Ligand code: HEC
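Quick setup: one chain, the form predicted on its own, written in structure tokens, and binding and motion questions come after.
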Amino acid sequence: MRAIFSSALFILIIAMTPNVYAFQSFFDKPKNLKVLPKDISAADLRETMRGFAFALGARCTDCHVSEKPEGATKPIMIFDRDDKENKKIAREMLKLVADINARVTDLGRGDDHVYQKVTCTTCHRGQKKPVLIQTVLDKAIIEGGADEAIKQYGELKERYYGGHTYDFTPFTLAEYAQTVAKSGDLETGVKLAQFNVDNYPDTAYGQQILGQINMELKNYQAAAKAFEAANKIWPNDFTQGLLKQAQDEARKAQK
């Protein structure tokens, strides 16, 4: 399985290596700080930049200018320039994060309340453009239908599983299949629901969603099979009722 945060690890190594891109001199004597405290220590600034790298899976050059002076063997980072739009966006995002944390704290939930601090990772989760897996699958369906969505799901799982970038739990995939079906695309919905139970056969909720979409498609035998599987995993009156309904409809369809 491929490394999840390879680019972030790269920047961590670089940031810790002396005489590369002149990092140390920047940390010691930063210039042009507009949001971060002007008296921030070198250690705190280094940790802040390292945190950005991990949170976004980014490199210094995503926000900062890198140039190779004439006659030089290595490029140097010119951190105080504001040429790149990403740097401007990062500053605005820092203001937003500070504002959110201040507003949450101001709610006054009591001295014993533990506030969850919002950070870059809260939204980005290791990716530069923070999107949920549902958004990725929406685009895949538009481009190539259920088969493309299933293909991209597998590729993302291979790359990111074990991290927090995308949610690969069976509940999320089942919910997504149901959402697609409710939008009117039952065929794509049932393919995704079947893909879900193929990967997570022991999840009652996934089997139930598969059964419900098959009911909408009038695939009553397939629905009954899914409801039966769900009831074996988690026996309850609701699932048993769905199973009986599917079996009754299947018998009627055979007459």
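Start at 1 with the first residue shown and count on from there. All values derive from a computational prediction rather than experimental measurement.
The protein also exists as the form predicted in complex with the named molecule; that form is not presented, and the subsequent description refers to it.
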*Among 35-43, 186-194, 221-229, 202-210, which stretch sits within 4.5 Å of the named molecule in the predicted complex, heavy atoms only?*
35-43
_So the named molecule isn't shown here. In the predicted complex, which residue out of L107, L96, I142, A72 has a non-hydrogen atom within 4.5 Å of it?_
L96
*Select from the listed residues C123, L156, I76, V136 the one whose heavy atoms reach within 4.5 Å of the named molecule in the predicted complex.*
C123
*Quick one: is K31 in contact with the named molecule in the predicted complex, heavy atoms, 4.5 Å cut-off?*
yes
*Quick one: does C60 come within 4.5 Å of the named molecule in the predicted complex, counting heavy atoms only?*
yes
*asked:* Can you tell me if D147 lies within 4.5 angstroms of the named molecule in the predicted complex, counting non-hydrogen atoms only?
replied: no
_Contact test in the predicted complex: K128 vs the named molecule, heavy atoms, 4.5 Å_ = yes
*Those residues of 86-103 which, in the predicted complex, come within 4.5 Å of the named molecule by heavy atom*: N86, K87, I89, A90, R91, M93, L94, L96, V97, I100
